[in-house]
Structures are given as structure tokens and as C-alpha cells.
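Below sits a lone chain in C-alpha cells, taken as the form predicted on its own.
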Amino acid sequence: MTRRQRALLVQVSLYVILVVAAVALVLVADWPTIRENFWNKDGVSWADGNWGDLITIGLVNTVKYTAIAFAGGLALGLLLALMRLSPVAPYRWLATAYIEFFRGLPALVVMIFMSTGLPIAFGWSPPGGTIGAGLIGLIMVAGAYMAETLRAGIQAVPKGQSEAARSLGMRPGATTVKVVLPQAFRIVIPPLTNEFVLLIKDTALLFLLGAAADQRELTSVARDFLSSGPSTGTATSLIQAALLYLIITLPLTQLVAWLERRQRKAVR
């Protein structure tokens, strides 16, 4: 048997195994029980099921919290990136210490510290209550990651661009704002979009901090439907929440892939 025939035989065998496994799953699975527990008809009803709260409260708040965390993280990340590239050593040290510290911590630890640790220690009342404190924690962690992304983008801009701007009489600050940063942001759009996707998923951590009924994000709403509502005692609401997450994240991940392909073509 030739090498090509052996490779063909392996491929056919793999397809046969896959088909047999799929047929066995279809025949063995208890589909009525699966449908009842994971896609309960009362829970998925558009009239009085779970969709209303999942979309109008959970999905809306998830998008809102993600936008706040991303905007705050981007502003903080830009500040840290500029400090990291500063010619003044203490600024570089401070930025490096911050970035390394918060990149080394789980986001949940920072969020609990901001929502519980600081209020207990100093009697501080965070703006927006527990959710506001959790968002500040998310911003602090996201800022550390975005700082490194932005620093890499700034350093990727050819130095000739800055030198050309200065030869035309532009001051260093104006050169950074009008020449370097626009090009740097264009370079880091794909990784920043990826960071946005990660933040969408990280907002699910807010449910561990607790929230008022109208402040709940998607995971909190889905969890509440596990013990109350039309699909009580089933995982239907979790499946619905997962679908809503995917509706947001899948187009964004495809956008990241398209932007990366476009950048690779531009470099060639």
C-alpha cells in the first residue's frame, strides 16, 4: 500500500468513526428529557418566557457594562502606555509596576477587593454601588492589558514618521497626538477588539458581587431563572444566555479575524 493510500484509509476511518459516534448519540440520547431540561417550551416562549428579562435587562446591561469597562480601560491603558514610554524614569517604573501587578491578579480578586475590601477598610461608598465597584475593578485590570497592547502599537509606528513631523516644526506632544497615536490605534484595532470580546465575557463575574434586579447582567438573569420563573429547575435560561452571548461575540471574533487578514495583506 502506498503512502497516499494509507493516508486515504486513515481519513476514511476517521470519517467512519465520526459518523458512527453521531448515529450512536442520536439513537442513545433521551431527546424528550434533553429538550425538557435544556429547551423548556415555557422558558423559550416569546410571550411569557425568559426572553423578555434576558434581553431587556440582562443583554442591555451586559452591553452597557462592557462599553463602560472598555472605555475606562482604554483611557487608563493609554495613560499607562505613554508613562511606560516616558523618558522620565519614575513614570516608567510606576507604569511597569502597575501593569505587572494587575496582569498578575485574577480580575475577580480585584473586583471583590473594590466592592468589599475598600468599603470595609475606609467606609468608601463606590459610585453605582456594588456593580460600580466591580466595574472599577474591571477597568483597572483591563487598563493593564490594554496598556501593553497600545505600547506595542506605538512602538510599531516607524520612527521616520515622528522625525518627519518634527522636521516640519511639530512639537513632541503634537507629534504624538496627531501623527503617532492615530497610526498606533490603526495597528492595534484587532487586539483591542479581542479585548472587547474578553470584557463581554468578564462582565459575567459581576453576578458574584450581587446586584439589584434592574442592574443584573446576562448571567445573573439566567441564574435567577434557574430557581424561579417559567423554566424553574431546568438549564433552559443558561442555554438562552449562552446563545445571546454568542450572538454578540461571534460577529466580533469574525471581525477580528477579518481585520488581521486585512493587516497582513497591507504589510505584504
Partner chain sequence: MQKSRSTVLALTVLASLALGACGSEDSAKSATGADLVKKDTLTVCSDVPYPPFEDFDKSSDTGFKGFDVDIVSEVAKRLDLKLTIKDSSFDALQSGQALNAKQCDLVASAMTITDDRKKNLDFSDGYYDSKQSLLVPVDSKIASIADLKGVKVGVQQGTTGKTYTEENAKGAEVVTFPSDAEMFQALKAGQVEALLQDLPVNLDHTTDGQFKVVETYDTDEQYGLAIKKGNSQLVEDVDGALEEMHSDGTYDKIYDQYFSTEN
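Residue numbers count along the first chain shown, from 1. Quick caveat: nothing in here was measured; it's all calculated off a predicted structure.
One more form of this protein exists, namely the form predicted together with its partner chain; it is left out here, but the text below deals with it.
From the list 178-186, 119-127, 157-165, 78-86, the contact stretch for its partner chain in the predicted complex under a 4.5 Å heavy atom rule is 119-127. Contact between T56 and its partner chain in the predicted complex is not found at the 4.5 Å heavy atom cutoff. In the predicted complex, no heavy atom of A47 sits within 4.5 Å of its partner chain. Put simply, G52 is far from its partner chain in the predicted complex: not one heavy atom of it is within 4.5 Å.
Using a 4.5 angstroms limit between non-hydrogen atoms, R6 touches its partner chain in the predicted complex.
Highlighted residues V141, A152 and Q263: none comes within 4.5 Å of its partner chain in the predicted complex, counting any heavy atom.
When you look in the predicted complex, the only residue of I239, A204, A211, I68 with a non-hydrogen atom within 4.5 Å of its partner chain is A211. Counting a residue when any of its non-hydrogen atoms is within 4.5 Å of its partner chain in the predicted complex, the hits in 219-252 run R223, D224, L226, S227, T232, G233, T234, A235.
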